[in-house]
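Shown below, as structure tokens, is a lone chain in the form predicted alone; questions about how it binds or moves come after it.
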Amino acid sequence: MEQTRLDTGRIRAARRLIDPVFLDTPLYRCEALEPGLGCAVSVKLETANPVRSFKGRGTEVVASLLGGEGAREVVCASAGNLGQALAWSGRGRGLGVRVVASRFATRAKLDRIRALGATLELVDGDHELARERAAEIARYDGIRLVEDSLDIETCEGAATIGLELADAAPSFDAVLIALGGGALATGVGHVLKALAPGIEVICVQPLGAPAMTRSWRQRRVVTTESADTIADGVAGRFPIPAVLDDLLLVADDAVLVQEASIIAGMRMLHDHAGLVVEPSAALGIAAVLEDRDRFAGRHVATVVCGSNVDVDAYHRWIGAARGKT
């Protein structure tokens, strides 16, 4: 593999830093999904943990290393899931956690951040404005800024999912991964290309938040003026150059999906897999729905990456999806 920030040896070592509650998550073939998708489907369930998303793997690595360095406080920007995970990991290691988020973030995620003991600051803007404010706090107060996807620990923590997927290879042909900042896609993709190179790595992003996908396609950073998607966890506008470089080495494809397909994917996971998921976690299913011919007769795995969803919004989405059938 060409030069990358990720290291398979460090990823294996990262497993020893992560609380076992986040490891060895269920991976199973979900036959009930298959008639509607036209292919074999396996689900990697990253929601059955205390923060209900994959982010805890990365924050466990970050908090463990920071605790060893004697750090007492950290700050991050978050759409919701990273903040919860960092609050959980920091609480167990005596780290004070400050989280900056958009005032328009999912209310359930913000409430959970507070409940886990973090200090929460809200900004009147999107996630990119929250990132700017978190960086300002870090500079002013002299504390560690945890930046999802840029900090290699977040990528290598997420990459431990790849180790677990690789252990199951070659039972599937492709892995569908939600693409936002890139920690999940680069981490899992790196391990699969190193240990199971025959598996196709396909990244999936909403059409309304396409910055990283456009960047991957053009092999340069492409920014967008806005992001318009219900999948708030992947709604970034400014890709990180170093993360894009890593992604270019491991992604076989990057696709964009429509909002209606995301909602349909959420409904399928609810009705046929018994899973309540946030929009980002349904991106893999949405990709299959939009291109059934591509996946026909194949066995795909999808990472169900989070289930922190606003209940009222969820019921509206699912109800709307039913109304269209």
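All residue numbers refer to positions in the sequence shown, first residue = 1. Since we're looking at a predicted model, the values are computed, not measured.
Missing here is the form predicted together with a further copy of the same chain; even so, the following discussion is about that form.
- Remark: His315 counts among the residues lining a further copy of the same chain in the predicted complex, judged by a heavy atom distance of 4.5 Å or less.
- Within 4.5 Å of some heavy atom of a further copy of the same chain in the predicted complex lies at least one heavy atom of Gly274.
- Of the heavy atoms in Glu31, some are within 4.5 Å of a further copy of the same chain in the predicted complex.
- a further copy of the same chain in the predicted complex comes within 4.5 Å of a heavy atom belonging to Leu45.
- This chain lacks the partner; the member of Ile263, Leu27, Leu289, Cys39 within 4.5 angstroms of a further copy of the same chain in the predicted complex by a non-hydrogen atom is Leu27.
- Checked against a further copy of the same chain in the predicted complex, the residues Arg91, Arg103, Arg217, Arg72 give one hit for a heavy atom within 4.5 Å, which is Arg91.
- For the candidate spot formed by Ser64, Ile152 and Lys193, no residue has a non-hydrogen atom within 4.5 angstroms of a further copy of the same chain in the predicted complex.
- The candidate stretches are 64-72, 255-263, 280-288, 46-54, and the one lying within 4.5 Å of a further copy of the same chain in the predicted complex by heavy atoms is 46-54.
- For the partner-free chain shown, Arg112, Leu116 of 107-142 come within 4.5 angstroms of a further copy of the same chain in the predicted complex, judged by any non-hydrogen atom.
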